[in-house]
Every structure is written in structure tokens, then in C-alpha cells.
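Consider the single chain below, provided in C-alpha cells and representing the form predicted on its own.
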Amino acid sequence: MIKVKYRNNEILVEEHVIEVIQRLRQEDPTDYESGGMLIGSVLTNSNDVVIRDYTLPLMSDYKSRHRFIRKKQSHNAILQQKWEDSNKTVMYLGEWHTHPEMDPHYSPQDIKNWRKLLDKSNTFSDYLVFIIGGIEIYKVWIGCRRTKDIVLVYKGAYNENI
């Protein structure tokens, strides 16, 4: 499990979430970007969050070598079902996607999308988590919904013991 301190809160990402991103990374020059939602819980008595679930790319999403556009309605339907199945304890907590780079960097389009999500997403968390999975490394950013700050908080290799 990845454990990151951000301000006075802990952000936890369960290992199986990183394993899915690792499986979908763009190792082959013909692989398209993949992505989806990050889903989890805000812990009681704190503002700590745990990322424990995700949505996978769907047939309705747009995918190319350098672009992934998540189809909002179909991923929202999956999120809604997970919300109801969990007795309303899991919610939207961010986004993940892959890049065809060894060490991924966010693009201007990523920042634009993340800022829009910080403004418009409907969740109980003060923070959103953004993960980009590169070929050898993945990175985790945290965005604050109040200040709109987005900071890199973690850089990890898939072969680390997480």
C-alpha cells in the first residue's frame, strides 16, 4: 500500500490499484492510453482517504497513443452502482491514466482536466488523487479542491515492494 502524507492527512492507495495501472501501461509502441476513475473512502474521524477501487477503460472511451478521454456517463453509472453496493461509503476520489513515457509527466491537457475536476466533481473529499502510470514509473499528485493546488506527492517504480 502506498501511504502519502499531504498536509495533515494521509492518502492511502491499495496495492491492487497500482497493479491494474501496471498491467495497462504502454510498453508496446502500439499500446493506447488507458484510464478511469479512482474510487475509495474518506475515513471516519479524519479527512484521510483510501483509494481501494477504480473503473477500467470502457469501449465507449476515446483511446489513442497519446490521449484518453473517459466517457463520463458510463463511468458514472459504474461509480453509482459501487456507491450503492457499498452502502454509500465509497465515492469518486480522482483519476488515473497511462502515458507512453518511462517517467510520466502531466501534460497541459492533464492539468486543465484536473483543475476542472477539482472545481466540478461531486464528492465528499477535500482532495482528489491523480495517478499517471508510465512504463517504468508511476506518479501520484494530490489536488486540493479549496486552493486548487496540485502537487506531486509520490513517485514509485512498479517493482518496488509497495
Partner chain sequence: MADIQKQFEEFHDEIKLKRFKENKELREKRDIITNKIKKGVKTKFEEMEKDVPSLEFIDQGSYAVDLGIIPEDKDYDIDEGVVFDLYKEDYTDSLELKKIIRDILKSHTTTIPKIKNPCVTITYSLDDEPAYHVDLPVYVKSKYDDHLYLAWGKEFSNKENKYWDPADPEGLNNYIKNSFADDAKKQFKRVVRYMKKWKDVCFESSGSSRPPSVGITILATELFSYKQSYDSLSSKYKDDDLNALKDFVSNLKRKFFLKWDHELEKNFYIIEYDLPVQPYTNVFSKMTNTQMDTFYQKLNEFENALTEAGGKSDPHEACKVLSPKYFGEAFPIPESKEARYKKVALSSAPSSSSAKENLL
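Residue numbers count along the first chain shown, from 1. This structure is a prediction, so every number in the text was calculated from the model and none was measured.
There is another form of the same protein, the form predicted together with the partner chain; it is not shown, and what comes next is about it.
In the predicted complex, at least one heavy atom of Q109 sits within 4.5 Å of a heavy atom of the partner chain. Among heavy atoms of T55, none comes within 4.5 Å of the partner chain in the predicted complex. Not displayed here, the partner chain is kept clear of I135 by more than 4.5 Å at the level of heavy atoms in the predicted complex. Though the partner is left out of this view, D126 does not reach within 4.5 Å of the partner chain in the predicted complex, counting heavy atoms only. For the three marked residues, H66, I69 and K72, a heavy atom of each sits within 4.5 Å of the partner chain in the predicted complex.
Shown here without the partner chain, the chain has N76, L79, Q80, W83, S86, N87, K88, T89, V90, M91, Y92, E95, H97, H99, P100, E101 in 75 to 105 lying with a heavy atom within 4.5 Å of that partner in the predicted complex.
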